[in-house]
Each structure stands twice: as C-alpha cells, then as structure tokens.
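Starting off, we have a lone chain in the form predicted alone, written out as structure tokens.
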Amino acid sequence: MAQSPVEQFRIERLLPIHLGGVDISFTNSAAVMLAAALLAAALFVLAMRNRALVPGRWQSVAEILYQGGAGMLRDTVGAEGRKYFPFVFTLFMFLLFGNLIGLIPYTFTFTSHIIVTAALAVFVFIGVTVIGFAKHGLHYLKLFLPEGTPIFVAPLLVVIEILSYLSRPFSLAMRLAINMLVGHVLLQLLAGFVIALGVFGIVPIAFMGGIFLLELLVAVLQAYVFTILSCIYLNDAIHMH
C-alpha cells in the first residue's frame, strides 16, 4: 500500500516519558528542534573559532546571516530595536534550520505543525504587547484609534483595529505552517509518481528537482517572512505606527 503524503508529518515517540499522567515524551519533532538549535549554534561557534580579517567560506556564511538579521531589525525597528536582536536573530536561525532540515528525506518538518508555529507566534504576540504597554502604558491603546479619526467612524475603526491586532498570531502561524505543509505534500506526491512510472519517471524526476529548488527558496523565504513580520509588530509596539 502506498504511503499517505501526510504520513511524513506524524509525530512519533522516540523516548516515552510520562510524568504525573502527563505525556512529555521526547518525539521526532523535539529531536529535530534540538538538532536545528544545535546546528545553528555550531555554525557560528565553528565559523568564528578561527575568525580572520579575510573570511573563509563558513565565516562568510555566518557573517552574511548575522548582517542580514541585523539589517532586518535595523530597517524595520531602528536603533531602539538593537536590544532585541538576540531574540530576533535566534528566531530566524531556528526557523531557517528547521525548514532546511525538513527538506532532507526521512527527517521531520516541525514548522509544518500549526501547534509549533502557533506557539512561536503567540510568544511573539505576547512579547510585543508587553513591550508596548511597558513603554507607553495605557497610551498604547491609541494604536487602535489613530489620531484625527472622525468621531462617527471611531467605534467601527476600533473594532477593526482590535480584530486586526488579535489576528496577528493566527496569520503568522498559519502562513508558515501551510507553506511548509503544502510543499512537502507536493514533493511526496511527485515521488510516488516516479516510483509508479518506473523507467518512464524521468519527467516527474526533472519536475521534482525544480519543485525541490522552489521548496528550498520557500524554506528560506518563510523563515524570513515570519521574522520580518515579528520585527514589524515590534516596531508598532515601540513607535506606535
């Protein structure tokens, strides 16, 4: 029987652990998350261990990633966002490595699970909301009613702005999870065609190669989009516009 395209997203217990009736087992999803964190850290530790004025290959990769993350935060938030760089850069690297690892056959794509992306999105949402109130106090509520709004449209605008604000974690989580889910399902379906067609599977193989390159681009782009939107929300919390 052919394997279902969604079988690759099934969470499996690698180390069953139950504590007080609560299942806290170490799963394939947790294993890949740990691998993503360790590989991201290892890249910078090893790349910068013998840093030189003229960077080598791995040092160049590390510097490009670092400068890209710093530029992303600087362009969206400005100088005031510098203190939040460790979190923003860690978020980007974690998602990037998670997406890329998921492209390796027989691994697991934890960013295709809405529970994972939702947890990250809610953490970002709560974080920027706390920052907004900590910096502006109750004046942060003015974010929902821009200055100069005519009084007769104010009630409707406030409702729209609140709903838009509350939808941020939902859209942030869904965008990443769905993009990773759909791409991997498509690759699985094409792989099934290749096996079924045998020697005539050369066309699906060629098409599959193109889809894989596209998925590679999507993996990088979706990590960037999630992070840049988080920066934009952070900018709203700090500058209220």
Partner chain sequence: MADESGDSSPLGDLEARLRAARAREAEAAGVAPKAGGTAAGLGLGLRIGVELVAGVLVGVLIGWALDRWLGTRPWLMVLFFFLGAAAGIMNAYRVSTGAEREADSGGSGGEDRREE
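Keep in mind it's a predicted model, so treat the numbers as computed, not measured. Positions refer to the first chain, counted from 1.
What comes next is about the form predicted together with the partner chain, which does not appear here.
Student: Work out which of the listed stretches, 165-173, 130-138, 94-102, 116-124, brings a heavy atom within 4.5 angstroms of the partner chain in the predicted complex.
Tutor: Flagged stretch: 165-173.
Student: Give me the residue from Leu213, Ile64, Leu34, Leu46 that has a heavy atom within 4.5 Å of the partner chain in the predicted complex.
Tutor: Only one option qualifies, and that one is Ile64.
Student: Is it the case in the predicted complex that Leu19, Thr107 and Gly183 each bring at least one heavy atom within 4.5 Å of the partner chain?
Tutor: Spot residues vs the partner chain: no contact at all.
Student: Answer for Thr76 alone: is it within 4.5 Å of the partner chain in the predicted complex, judged on heavy atom distances?
Tutor: Yes, Thr76 lies within 4.5 Å of the partner chain in the predicted complex.
Student: Please tell me whether any heavy atom belonging to Leu221 falls inside 4.5 Å of a heavy atom of the partner chain, as the geometry stands in the predicted complex.
Tutor: Contact check for Leu221: yes, within 4.5 Å of the partner chain in the predicted complex.
Student: Indicate whether the partner chain has at least one heavy atom within 4.5 Å of a heavy atom of Arg82 in the predicted complex.
Tutor: Contact check for Arg82: yes, within 4.5 Å of the partner chain in the predicted complex.
Student: So, in the predicted complex, is Ile228 in contact with the partner chain at a 4.5 angstroms heavy atom limit?
Tutor: Yes, Ile228 is a contact residue.
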